[in-house]
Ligand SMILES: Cc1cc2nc3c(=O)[nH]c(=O)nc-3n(C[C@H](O)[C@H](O)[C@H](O)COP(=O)(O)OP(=O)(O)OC[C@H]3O[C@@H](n4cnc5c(N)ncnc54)[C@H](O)[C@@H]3O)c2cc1C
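The chain below stands alone and is given as structure tokens, in the form predicted alone.
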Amino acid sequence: MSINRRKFDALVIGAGGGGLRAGLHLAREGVHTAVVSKVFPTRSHTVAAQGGINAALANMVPDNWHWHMFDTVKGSDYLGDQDAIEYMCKVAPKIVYELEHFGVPFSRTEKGKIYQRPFGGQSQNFGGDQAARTCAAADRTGHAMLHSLYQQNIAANTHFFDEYFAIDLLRDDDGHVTGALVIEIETGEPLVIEAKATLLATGGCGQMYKTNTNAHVNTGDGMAMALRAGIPLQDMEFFQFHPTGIAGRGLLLTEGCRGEGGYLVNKDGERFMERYAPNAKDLASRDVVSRAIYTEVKEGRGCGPDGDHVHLKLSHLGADVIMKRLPGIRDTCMTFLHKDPITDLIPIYPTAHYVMGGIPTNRAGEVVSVGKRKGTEAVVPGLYAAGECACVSVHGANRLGGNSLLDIVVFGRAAAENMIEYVRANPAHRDLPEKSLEQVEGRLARWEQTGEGPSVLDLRNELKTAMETYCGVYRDQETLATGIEKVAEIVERIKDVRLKDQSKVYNTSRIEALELENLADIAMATVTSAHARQESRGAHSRVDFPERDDANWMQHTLYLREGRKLAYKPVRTQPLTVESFPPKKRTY
């Protein structure tokens, strides 16, 4: 197969907030940069982030970065790496002011400062009064950030490959990543993009669940590419279910609803979170609130004819607050539910939202893999990762709301900073072995012909249903073991999948098949890791192991695709400059 080739200094795969922040920094430093995105950049999933970005600016109440760090470590259920968490929280104010200067139109206080709202898991003075740390642009913060970053990239002459799909990474004989094979979605034409440094910023994998808040493009492409390149995935058992998805729809209603003063009620009109989190109430961490809602429904206190949800109450806030602070939420409710939160109760239920695990990296954004000697790590030269597809790990077992937008810009920028150094230290492109290209071409060639087995859509729906059934909010050994069998069966059946007519110009059938392969690999990593971790921690709730087990499980899981093996590595509990926060019982 004759394939066109392009050469760049740096390749960024993914054009969400992490990819665009990295692309901007690279381009501004004169690094010839390509950004590949399977959708137009401003349609990347960052655009859906609503509530805000955390930084200890202290514009509303007293605050400092050390309190932010404590809340993040506690929220992670002590599985987060404290050196990375310190770095993120300490640099957060600078990052937000950078975004302000890029043109992000943050909401303002009467004194003209950036408006900050309360979010779940936030505190003053290491667990004291509620903090207000989340910098917001009404309830469209991700939208505002993504558009501002895209315009800045256009001004910096970043080169975009819009609506291109990344197939696989390319590596030379020494293990250096030398770029990627991509295809143009419209024409189906393959293209080799060679680069001295490559960043994966492909976002999450929420589409492996039947009901989720994620865009259709969130199919774990970058994580699956890493798996196929022999790189493990870290902590995939920790998948966050957002407490306030619209019941049965999966559409997200931001935590900002509760930050502005909204609260949850059961069928009796009881504000039930007071029983589960007496201090924080509705602003407890997301895993706590999700389990509380699940319990209310399971014990017969759910709302509606089927008792299968609870209600979010906002009407007491008044029309002015809702119209000013939550205009997008009101539009969503009126469009999809024909309910107005100014007057109506909104039905909600926990919905698959965010993966805390991903491609293991260090604070510099460098991808790290299992070393040749047992228990050691090795940097994968030329490869970086940032955002939801990566695992630094700043979120540990549970992410706090408002830390995701912070994560993508902090580590997108950090990765770019180190890519610049790498490119300058390695000014020549490395030779690309033909066997490396042949391997990734083989995956693409598999889908040149139509099959006679199940359709992509049918198998994808089976996979999503299996994950929702066997790897949901509450888990146990038998259910997870069944989940492994179900996902493994689907992985095998993908080989016989039937494609639609390939003569159609847009090649969507082949793209959907490639996405299904990616999702199946990620689902197997998730359910296998969940089966192995015999404790309850953060978003991973085992009914057969209800307690956190620090003696045996204060460690990260590493899932390897080859042989579906698991390895482990310790949590980095030593911060950079301050005292560590030792594990304690997590109460709100």
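Just so it is clear, the model here is predicted, and its values are computed rather than measured. Residues carry their position along the shown sequence, with the first being 1.
Below, we turn to the form predicted in complex with the ligand, even though it does not appear here.
Among residues of the shown chain, residue 398 is not one whose heavy atoms approach the ligand to within 4.5 Å in the predicted complex.
Residue contact check for residue 14: one or more of its heavy atoms lie within 4.5 Å of the ligand in the predicted complex. The shortest heavy atom separation between residue 357 and the ligand in the predicted complex exceeds 4.5 Å.
Of the heavy atoms in residue 165, some are within 4.5 Å of the ligand in the predicted complex. Note that among 418-426, 258-266, 212-220, 94-102, the stretch whose heavy atoms approach the ligand to within 4.5 Å in the predicted complex is 212-220. This chain lacks the partner; the member of 556, 45, 68, 531 within 4.5 angstroms of the ligand in the predicted complex by a non-hydrogen atom is 45. Proximity to the ligand in the predicted complex, defined as a heavy atom within 4.5 Å, holds among 353, 309, 171, 196 only for 353. Residues of 22-41 that come within 4.5 Å of the ligand in the predicted complex, judged by any heavy atom, are 36, 37, 38, 39 in sequence order.
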